[in-house]
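Take a look at this single chain in structure tokens; it is the form predicted alone.
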């Protein structure tokens, strides 16, 4: 869906106007007014465009409200991640934001944080903690993985006219990819019996791109009847893309998640990488900060919340000769990219205004 620049500017002006009005008329909650809040963002890993964009989006939102944000990159070390949560508790942080990780490795530390009365806002993970412990201060936020699965898989179905041989990517036992797979297994395949899975590739989560490339290269040397490739995660999609390009074949590729590298590949070979469903990681950070603020203010927050994904289709983008598109540019082409008003309260606008 195309979005004109004028619409973006109008939204920004409207938000600015709301801020002017609200700053003069809204009371900032007592738990927040006059304080410099401290929060910790604990990430399983902090590399790659997606993660860096998430960190930058969280920092930018925190700066609006004068929050002192500490970012801890655990470098895929779950023990380090758990220690970081415990350190945040020891240092009496006002809120803890978590990105990814594995629930069994982190659950005890999360419970210790909640028992200390610290709100925990989790992205792409979930913890089975009873209400008696979390007391309404635990949120599990996701990218609406069920919807991202549906959007990306329907893009494949539509371009194949509901019939074709597909190489499918399954990454088992990872919460986001498990959700995406449920749509494929329970919704797409029964509804469109002309879609046939001829091979499934699952190489786990450790350095998947070269493994995905190697696995698909092997299949493409022995099969000539592949109509499409589906990747449940863009780290696989990049490997699949390289394998397809190297084969000299034109096989359409559909995926989930997006990065600057993904967009460059899509524009380089639009006949191959056709689409990818995604949520702007900037928005993830915006919503995590606002939910944490609401919890500190004593306001009700949801136990679960799903962000709104978009389907990034190469046909919506300019040619590479016209413009190389980055993730930051996607707000020019899609509603819901770059900024959201989700959980933005009038008193947050007033708080921001009071600090300027």
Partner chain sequence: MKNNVKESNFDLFKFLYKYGTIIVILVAILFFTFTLDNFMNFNNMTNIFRSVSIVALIALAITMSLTIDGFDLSVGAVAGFASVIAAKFMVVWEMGAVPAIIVPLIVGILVGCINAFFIIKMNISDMLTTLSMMFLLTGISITFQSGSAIYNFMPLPNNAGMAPGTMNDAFLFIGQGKLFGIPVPVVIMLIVALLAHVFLNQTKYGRYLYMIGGNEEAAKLSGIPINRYKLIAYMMSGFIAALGGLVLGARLGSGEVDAGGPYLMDSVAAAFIGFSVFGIGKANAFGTLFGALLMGILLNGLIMMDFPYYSQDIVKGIVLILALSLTYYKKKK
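Positions refer to the first chain, counted from 1. This is a predicted model, so every value here is computed, not measured.
As for the form predicted in complex with the partner chain, it is not shown, yet the points below apply to it.
From the list 140, 82, 242, 177, which entry has a heavy atom within 4.5 Å of the partner chain in the predicted complex? Answer to the contact question: 242.
Between the options 185, 135, 165, 200, which residue brings a heavy atom to within 4.5 Å of the partner chain in the predicted complex? The option sitting close enough to the partner is 200.
Proximity to the partner chain in the predicted complex (heavy atom, within 4.5 Å), stretch among 319 to 327, 288 to 296, 33 to 41, 306 to 314: This holds for exactly one stretch, 319 to 327.
Residue 260 within 4.5 Å of the partner chain in the predicted complex, heavy atoms: Within the cut-off, so yes.
Evaluate residue 274 for contact with the partner chain in the predicted complex, applying a 4.5 angstroms cut-off between non-hydrogen atoms, and reply yes or no. Residue 274: no, not in contact with the partner chain in the predicted complex.
Does any part of residue 222 reach within 4.5 Å of the partner chain in the predicted complex? Heavy atoms only, please. Contact with the partner chain, yes.
With a 4.5 Å heavy atom cut-off, would you call residue 215 a contact of the partner chain in the predicted complex? So residue 215 counts as contacting the partner chain.
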